[in-house]
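Below you will find one chain, with nothing else, as structure tokens; this is the form predicted alone, and questions on how it binds or moves follow later.
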Amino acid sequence: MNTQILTDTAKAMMADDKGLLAMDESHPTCNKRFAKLGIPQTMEARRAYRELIVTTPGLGECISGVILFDETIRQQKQDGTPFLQVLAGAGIIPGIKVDTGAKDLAAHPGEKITEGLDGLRDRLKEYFQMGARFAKWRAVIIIGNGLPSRGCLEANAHGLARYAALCQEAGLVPIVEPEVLMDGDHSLERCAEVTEEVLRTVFNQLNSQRVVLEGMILKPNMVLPGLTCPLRQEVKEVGIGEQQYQVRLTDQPLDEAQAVDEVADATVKSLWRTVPAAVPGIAFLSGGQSAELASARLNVMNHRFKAQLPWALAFSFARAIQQPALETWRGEESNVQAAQQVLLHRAQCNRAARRGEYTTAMERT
């Protein structure tokens, strides 16, 4: 294991106010999104959509790395150029999702465990030889009546830590993703409590497995109330310097009525309490938030706290960057250029959010 290379790669992934684009949807997930828009659920349709993404002009100005799926890392443009070659030409670091999904955790009703450790060492070696330089593993934590259990937290944290150690052995930077799901009626305060317990457990396991913290990236959830939380608060205008903006919530779930500054405060407080300063970057998942709200919340965190934080606050969004472009494309070749412009716009909004310079006025340009 070359610690310096791992550290340099992790720093490069967080450099220049850029972020990560997650395009690692499994076949069922991708097909489900296609079906909602009337797009054929075929390998060729998936390939064409991913070509649209990786060939977006200017994408490398905002995106430092992309997370691929096993099918995607092996795919090519229509002219035969491998996607990995396209990404390298754009200065984008390729990564790969390596877990095999969340399954029911035995003896723990309602809870999940992420699988995929069997054979992982050999798979990581192959992905490194193909050109991947980082990997991702997602664990899901459910908040409910008596949940999460201690057994679930320990099992998922141990899996994340073993995965991370194997990645670093293979020369890949591990993205460690413990996601506290938005599903449920829990409050913002309950989400903060669980998120902190999850992160403490994860970092205890990472230290036990001798993971080099300088050579990893954390991908957590933002601290949010549950989707069916009955406690709705009024949206208030958020002032940032001389800028004033307000997030429009009329068509959003009740949880998104939480003011963006309250979410920012709760999220940063939880991270301050749990994440070691040695970690170079925190790249948030969007977790079902709307594209605009994910950008607004990341923006407030960076505007208010960036100068005080030991780690970079970045993004590793999937739907919050992709969905508007997918809805524009709808499987039509004639819509590719327009969809790419929409994709680039969302990437630019999130780069601005990393700088603390995003406003909703950007959505009208």
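Fair warning: this is a prediction, and the values are worked out from it, not measured in the lab. Numbering starts at 1 and runs along the sequence shown.
Omitted here: the form predicted together with 1,3-dihydroxyacetonephosphate (13P). The next part is about that form.
Proximity to 1,3-dihydroxyacetonephosphate (13P) in the predicted bound form, defined as a heavy atom within 4.5 Å, singles out one entry of Pro148, Gly184, Gly287, Gly116, which is Gly287.
Figure note: of the listed segments 18 to 26, 337 to 345, 353 to 361, 5 to 13, the one touching 1,3-dihydroxyacetonephosphate (13P) in the predicted bound form, with heavy atoms no more than 4.5 Å away, is 18 to 26. Interface membership of Arg319, defined by any non-hydrogen atom within 4.5 Å of 1,3-dihydroxyacetonephosphate (13P) in the predicted bound form, is confirmed. Shown alone here, Arg138 lies within 4.5 Å of 1,3-dihydroxyacetonephosphate (13P) in the predicted bound form, counting heavy atoms only. Taking a 4.5 Å heavy atom cutoff to 1,3-dihydroxyacetonephosphate (13P) in the predicted bound form, the one contacting residue in 177 to 200 is Glu177.
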